[in-house]
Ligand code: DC
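Quick heads-up: it's one chain on its own, the form predicted on its own, in structure tokens.
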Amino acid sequence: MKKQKNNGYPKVAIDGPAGAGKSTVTREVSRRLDLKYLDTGAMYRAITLKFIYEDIDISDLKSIEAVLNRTVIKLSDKQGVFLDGKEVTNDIRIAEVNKLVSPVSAISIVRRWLVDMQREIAEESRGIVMEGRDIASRVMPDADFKFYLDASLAERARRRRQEQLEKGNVLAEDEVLAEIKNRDVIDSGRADSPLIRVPDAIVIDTTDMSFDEVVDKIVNIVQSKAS
């Protein structure tokens, strides 16, 4: 692989809406390219979980700021998520977090706090593959490669429901569909760093693609342009 910026190694940004397959795809892409992986969505989920633990009113900005000032979020190289020293890798995927994470993500002081953290991680990393909703537009606008993963609403809802079923959470199809629709509205309509597709992003519609097909496409593009 040809060495790029960021200490000579590439920065890869992968954005997209809920259920498009970003997390699983990004993990495998980072593994195959031998680059650090950062799931920014997990960071938003972790702080959302903290608000749930402490019964924080998300309209109370003073309380939110106080919580942020005493919260530590760490992501391990093995993709574990730690909140104040406790592993919460599975806890951040519960239904309560799913329902609240988009409203929490729309809070400007939360976004600024996490974006600063994400930028610092990117700068310190020896190449990185980062996924989220504002990676190419705000966190890493200088990324060497920018991808936007999408899929039909029905397929994204199906994937999210299957994800929950595998965790033992049985959710009705219409409930999951409504949740995905609501997240799309919040993520795309928020004033601070909305979900957008930047003009120079490579769009991949994953609706009818297998996991391996999506990963192969991204890896091949990075390797061909970096060689």
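All values reported here derive from a predicted model rather than from experimental measurement. Start at 1 with the first residue shown and count on from there.
The protein also exists as the form predicted together with ligand DC; that form is not presented, and the subsequent description refers to it.
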| in the predicted bound form, segment of 68-76, 94-102, 81-89, 146-154 with a heavy atom within 4.5 Å of ligand DC | 94-102
| Going by a heavy atom distance of 4.5 Å, is R183 a contact of ligand DC in the predicted bound form? | yes
| Would T40 sit within 4.5 Å of ligand DC in the predicted bound form, counting heavy atoms only? | yes
| message | I'd like to check something about E28: if you look in the predicted bound form, is any of its heavy atoms closer than or equal to 4.5 Å to a heavy atom of ligand DC? | response | no
| message | Although the partner isn't part of this model, could you tell me whether R159 comes within 4.5 Å of ligand DC in the predicted bound form, counting any heavy atom of the residue? | response | no
| query | Using a 4.5 Å cut-off on heavy atoms, what residues in 177-215 are near ligand DC in the predicted bound form? | reply | R183, D187, R190
